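Only one chain is included here, represented as structure tokens and corresponding to the form predicted on its own.
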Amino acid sequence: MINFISKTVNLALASILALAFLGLEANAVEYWLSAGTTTLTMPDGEVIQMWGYGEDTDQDLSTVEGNYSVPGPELKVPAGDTTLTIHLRNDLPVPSSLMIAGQPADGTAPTYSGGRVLSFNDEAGANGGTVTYTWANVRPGTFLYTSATNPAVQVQMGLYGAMVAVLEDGPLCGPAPGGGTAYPGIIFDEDLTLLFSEIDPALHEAVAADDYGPGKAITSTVNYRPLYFLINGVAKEAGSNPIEIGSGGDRLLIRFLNAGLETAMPVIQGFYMQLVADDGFPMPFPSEQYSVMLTAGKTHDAIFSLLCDSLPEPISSTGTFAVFDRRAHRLTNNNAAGDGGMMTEFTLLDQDGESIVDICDNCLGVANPAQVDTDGDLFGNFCDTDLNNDLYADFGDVPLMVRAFIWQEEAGDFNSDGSVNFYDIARFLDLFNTTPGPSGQSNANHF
């Protein structure tokens, strides 16, 4: 009997420990990154030597995959996860490291040599060294992760990326997953990361040729002269495709980060935005602004509401607008003529190609350029055979359709050709036993 009780107790303790370990595992996120050399080709054809981070997809730092990018992969910490672990392999010819400014200290220590700080964090040795960092109690927000070794050079060379953590995951405003709560009371439907940086080709050439440092061709970044200006590692050039965003009534959270050595001043063409967070801290009083001041290493979060009423022309018809640095000298590629540099374009969805963006379109997916909405319920006539406005087209609408046909009432003219005829009766039958819509205008009222 005693043995039975002992075994039962041991089994219960083992189960509790197993559940505890499972709970710990569920609350941790791990990334395997490597740092190495790569290149970026600028719009004028100039090939720039870069350093970058890459994600080790097989989670085995003993192999070199060489998939380095600038910026590095976006690191995401989902809601409920409180611990972030990053394993770093360094394939650069010099020691390197990684830090996340604004997150709690991870227990590592600065690296010193002769009383001088070489790194703010534990370093991975050159040519294959490894190191592991762990951040407990990760707080939600938008943060910049960078090299902690000689940041003025290694970050400029491309060792940077975005790390984001959310307070609560979506879905919030629709059947499709997405969005979430970024900070207490700050919800969003979509988020967009815009990481600003710049390149001084002379500095990159010197580092690549091991001609940077004391007694060499370039001794410091004091005479830093950037010629290329990037958003998410890309300099704008003629013919580049815009980024597609916005499906109707969305609250877009824009994450602004600056990995450059100079201040960036992004502007959203034609719009104001509401700044809600500063360096991962929610602002006590969100401010409505036309532009953002992003000093070196800075992050800001802004809510940008994609509502039809806020769309000026020609954006409401073309659906295209831009985010750019407000200072003209940063809108260039090596001082070349024409648009370029720190600019990226966006386009709002127009699924039916009628030159009315979806968030302003009262009948989504089917062309109805006239946009007639007789009863003013935000559903265009072409998508709205619900004549008694009970949000369903059924037998209750039949008498009203008969009357509209006899008396030629506009509510029954679904194709807006000026006549209620047999085409409209056929349309009525096609949409029988359905709800009105969908409509981008009506969707906006649900947020």
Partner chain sequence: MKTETDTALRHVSALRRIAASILMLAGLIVGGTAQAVISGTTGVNFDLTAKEGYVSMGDGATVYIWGYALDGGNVQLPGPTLIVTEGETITVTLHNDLAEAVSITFPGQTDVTTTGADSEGYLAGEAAATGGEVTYTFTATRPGTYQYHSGSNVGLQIEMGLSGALIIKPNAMNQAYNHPSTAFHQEYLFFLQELDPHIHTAVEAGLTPNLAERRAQYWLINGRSGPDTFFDDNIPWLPTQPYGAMARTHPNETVLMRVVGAGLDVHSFHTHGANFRVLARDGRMRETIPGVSGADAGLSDFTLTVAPGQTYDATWSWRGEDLGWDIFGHAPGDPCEPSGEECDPASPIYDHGKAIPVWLPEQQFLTFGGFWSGSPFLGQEGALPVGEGGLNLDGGYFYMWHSHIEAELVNFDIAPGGMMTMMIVEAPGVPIP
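Predicted, not measured: the structure shown is a model, and the values here were computed from it. Residue numbers count along the first chain shown, from 1.
Quick note: we don't show the form predicted in complex with the partner chain, though the next part is all about it.
Q: Would you check, heavy atoms only and a 4.5 Å threshold, whether residue 196 touches the partner chain in the predicted bound form?
A: Result no; residue 196 lies far from the partner chain in the predicted bound form.
Q: Taking the shortest heavy atom distance, is residue 288 within 4.5 Å of the partner chain in the predicted bound form?
A: Flag for residue 288 set to yes.
Q: Given that the partner chain is not shown alongside this chain, does residue 328 nevertheless sit within 4.5 Å of it in the predicted bound form, heavy atom to heavy atom?
A: Within the cut-off, so yes.
Q: Going by a heavy atom distance of 4.5 Å, is residue 78 a contact of the partner chain in the predicted bound form?
A: Close contact is absent here: in the predicted bound form, residue 78 is far from the partner chain, nothing within 4.5 Å, heavy atoms only.
Q: Just one of 169, 352, 237, 345 has a heavy atom within 4.5 Å of the partner chain in the predicted bound form. Which one?
A: Exactly one residue meets the criterion: 345.
Q: Can you pick the one in 84, 257, 363, 323 that has a heavy atom within 4.5 Å of the partner chain in the predicted bound form?
A: Checking each option against the partner chain in the predicted bound form, the one that comes within 4.5 Å is 323.
Q: What stretch, of 368 to 376, 85 to 93, 337 to 345, 353 to 361, brings heavy atoms to within 4.5 Å of the partner chain in the predicted bound form?
A: Only one stretch passes the 4.5 Å heavy-atom test: 337 to 345.
Q: For the three residues 396, 408 and 416, which mark the spot I'm curious about, does each lie within 4.5 Å of the partner chain in the predicted bound form through at least one heavy atom?
A: No, none of the three is in contact.
Q: Going through 202 to 230, which residues have a heavy atom within 4.5 Å of the partner chain in the predicted bound form? Please give them in sequence order.
A: The stretch touches the partner through 225, 226, 227, 229.
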